[in-house]
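This document starts with two versions of one protein chain, written out as structure tokens and named structure 1 and structure 2.
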Structure 1
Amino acid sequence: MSAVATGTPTRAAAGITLEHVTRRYGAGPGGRIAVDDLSLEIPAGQVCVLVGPSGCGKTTTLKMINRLIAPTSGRVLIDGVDAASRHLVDLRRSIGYVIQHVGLFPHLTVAENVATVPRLLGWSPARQRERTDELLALVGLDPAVDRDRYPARLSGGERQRVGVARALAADPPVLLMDEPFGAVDPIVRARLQDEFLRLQEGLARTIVFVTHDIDEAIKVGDCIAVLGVGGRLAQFGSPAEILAAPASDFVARFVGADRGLKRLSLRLVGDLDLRAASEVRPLPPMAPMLDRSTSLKDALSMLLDAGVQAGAVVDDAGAVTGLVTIDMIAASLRRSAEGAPDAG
């Protein structure tokens, strides 16, 4: 999903507000509450991840945003407008939706799948084709090769890319993603996560992303809503806030005892005040070469795997610009826990 320039004008992202939203199934003692009095404020252009154990109401919450499920009480506002007041078809066509198993139409080609909503909106064939080819390139597929293929001939990762392209076809201000990368193997999943982040950097859609994987939530989310059993909000905040200060024992257990290491995934080598390369010479033969965009978690792993204390930080041309050490990473983690800025 490498981000490329898009010639199609984009609509501004829309903020989402959930006001005391509850979803109850059944009445009386046998009734069940799937989502309980949930209030959230999701800023426009951000990725909000809903995370929690199975049965905590993540997917139900997602479906209440586009009215696949109606709230029992409370309101969902999109760009300040009550979703319940909008025409249902218009609402759903304005919200992209990506699910775990993609849901591509098997009898339609890739291009026909991507153009589903533009076709329903009455776009001309030429405009449909232009938008389809633009989006296939945007998500890292070759329009000349892939547009006439059928879903059965695609890999799992390719089908996920087509699903994202289809969700973006009418340039929706809101994108809902329900475990979108859960059906692919870990290597492909990590690659899709990286490409999703690059794509979002260019498009800045408002995205509500459901996952049960806290590591995925930390990686892709600008903000995280941790839901507990019974559909109650346990904590809402940035990944750094939740890792540094879990609001309860439940949240602490859910994010894991290794949350200190998880915090390292939020900080980059380039965030450090790197030591000058001249301070440590010569570099150990096994010293890894790192760029400034390497996370401190990955940097620490590379240093430990190589059995060295220091690694070289290189620029795009491969020239050494500084050094990062295990001690520097450990000090950064301590400062992060204390809320202090990094320093070399």
Structure 2
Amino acid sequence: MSAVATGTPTRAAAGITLEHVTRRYGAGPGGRIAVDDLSLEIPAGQVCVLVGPSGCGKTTTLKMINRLIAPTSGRVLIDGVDAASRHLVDLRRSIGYVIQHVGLFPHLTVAENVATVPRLLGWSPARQRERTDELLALVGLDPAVDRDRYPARLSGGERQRVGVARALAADPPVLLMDEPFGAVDPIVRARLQDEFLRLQEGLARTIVFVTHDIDEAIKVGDCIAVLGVGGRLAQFGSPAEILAAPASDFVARFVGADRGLKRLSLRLVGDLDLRAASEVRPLPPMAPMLDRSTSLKDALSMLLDAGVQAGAVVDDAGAVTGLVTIDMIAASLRRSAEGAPDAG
């Protein structure tokens, strides 16, 4: 069987290339184009987010990668190999898939759902069980309590997490995630996004991630493909590039009027040249305490909230190491807009 059977997390990820991929539903003038001549180059180990309004072809694009849908024209290459030439079942078992409507198997327990691909690959029961418990803990479920429950008894958010665990089970080099965190509340969503990023840091899989939430796209994406109505690519670039220079009115509207603030959310206090603490003495009594990993967006919000011009940057021990001012934050935004590369 394929290399997936080993499940070693050190396996190199695979790059994904879409070459002039078009998908049309229905022939003739009555047909509609779901994905229109889409070309994308997703480097190995990166998270590429597909965003766009409902019906713009995000799900269709994902399904053309694991061949649930065949392109009308164009090619999908995985690791340089035409996906259409691969053995269908092997291809799919090597690609983790989180489907938009979760689609857990109702007749299988949580653990059996998660172990689906390992079971198909013929792992030993002991190894399946070990991997399942590890993954359940990873997505924030309690293996001891949840492993033997049936999907019908889970909340929507719990089901979604089981769906993510199931996609990760055989540690596939490529992951397709269709709105994986759509059904959870904002707090859990933020936690799952953080978990997801932490995980991805260690494993560096190639991930195509679908969302219609631009904030989620900016947070989790190394690159973002904005799709427009009719399945046409509106812009492809890093989050910073798209926020700093939207390619069209459509993209600008889609990323929102607050894209300046969103850009600030990509940069950290630690990225600034901090002013020495000695320059402004004494600190205003209300000055907020920030640390170097606070985003500039949060820093600005805290300064405005406190009604002061400057905040103190403290280290882990609580000692003041520098100052951040509203002017410095605004200047950093201007600099990056003038073409200086923005830290993604």
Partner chain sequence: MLADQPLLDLGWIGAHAGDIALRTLQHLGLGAMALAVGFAVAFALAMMAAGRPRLLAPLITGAGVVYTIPSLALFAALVPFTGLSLLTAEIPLVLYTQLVLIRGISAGFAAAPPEVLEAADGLGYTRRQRFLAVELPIAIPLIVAAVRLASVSTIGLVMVVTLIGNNFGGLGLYIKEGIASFFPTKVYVGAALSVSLALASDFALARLERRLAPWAESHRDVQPGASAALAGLDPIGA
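Counting starts at 1 with the first residue of structure 1 and goes up one by one along its sequence. Take the two forms, superpose them, and find the largest set of C-alpha atoms that agree within 1.5 Å; that set is the rigid core. As the structure is a computational prediction, the values presented were derived from the model and not from experiment.
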Eyeball the pair and call it: which is the form predicted alone? 1
Rigid hinge motion between structure 1 and structure 2 - rotation in whole degrees: 12
What does the CA of A144 shift by between structure 1 and structure 2 after fitting on the core? Give it in Å to one decimal. 5.7
Any chance you could measure the C-alpha shift of P125 between structure 1 and structure 2 with the core superposed, in Å? 2.9
